[in-house]
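This document starts with one chain, in the form predicted alone, laid out as structure tokens.
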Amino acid sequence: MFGLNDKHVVISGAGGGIGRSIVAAFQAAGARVTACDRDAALLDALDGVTKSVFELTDADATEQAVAAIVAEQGAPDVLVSNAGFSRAETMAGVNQQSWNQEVDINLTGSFNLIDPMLKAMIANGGGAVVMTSTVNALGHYGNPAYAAAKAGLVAYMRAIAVELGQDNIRANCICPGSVRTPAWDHRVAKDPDLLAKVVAHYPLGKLATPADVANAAVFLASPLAGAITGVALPVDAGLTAGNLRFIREVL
């Protein structure tokens, strides 16, 4: 039903918790997947995909990897720019090093991949770009450098949607709330009760799963979303809809 059978889908950050689910969801929809990551070991568990290993923050290496992917597999019909990283959780943890690292990976690294891929997609008649941003780009929930970079990604997405719609390019962002992936492990190690505290902020009483994010990516990439572009879609169990704890504890 998604119209993605035999379509070529390129996914960055494919070896992470959300990335693996995105790969599986597009495979289930019948797509041909090129899975990209900086760490070859993270791609070992993925079957039935073409694998590409490169460092997004190295613009030259990324451009070379894009050229190789296009030459070997053809231009993508769908690009899912999913790679991301964050460690500086509050303003106290932000310094020049952490700022540069998080902006380089989350924003500049995304540009390094998306820009040459867009050129190939336009030459091939168009396609869909889906970027993984975050609710932190829509309101402040911590991780200041990451939030700034991912908010920049939303602005970049809108620029693509507005200026390249004439080239049959659609661009959208998914903005996940808290998703239980290995990225939470270092926090949970410090506070085993942390996830129960987090869930209290979510109207649906649960966190989104990697599969929830992946399903949104498949939808936005598919012809079912053929008139949807320039959208930042929260996949957040209701977090950005309002302040649940204010309702419960104040009202």
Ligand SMILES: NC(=O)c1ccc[n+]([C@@H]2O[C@H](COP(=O)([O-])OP(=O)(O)OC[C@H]3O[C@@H](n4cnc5c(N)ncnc54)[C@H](O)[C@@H]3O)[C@@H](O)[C@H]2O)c1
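So that there is no doubt, residue numbering starts at 1 and follows the sequence shown. Bear in mind the structure is a predicted one, so any value in this text is a computation, not a measurement.
Heads up, the form predicted in complex with the ligand isn't pictured, but that's what we're talking about next.
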Check residue 129 for me: does it contact the ligand in the predicted bound form (non-hydrogen atoms, 4.5 angstroms)? no
Does any part of residue 46 reach within 4.5 Å of the ligand in the predicted bound form? Heavy atoms only, please. no
Is residue 42 near the ligand? Define near as a heavy atom within 4.5 Å, in the predicted bound form. yes
Looking in the predicted bound form, any heavy atom of residue 56 within 4.5 Å of the ligand? yes
Quick one: of 61, 183, 28, 67, which gets a non-hydrogen atom within 4.5 angstroms of the ligand in the predicted bound form? 183
Only one of 78, 157, 149, 83 comes within 4.5 Å of the ligand in the predicted bound form by heavy atoms, so just point that one out. 83
If we take heavy atoms and a 4.5 Å cut-off, which stretch out of 91-99, 160-168, 68-76, 130-138 is in contact with the ligand in the predicted bound form? 130-138
If you apply a 4.5 angstroms heavy atom cut-off, which residues in 1-34 are near the ligand in the predicted bound form? 13, 15, 16, 17, 18, 19
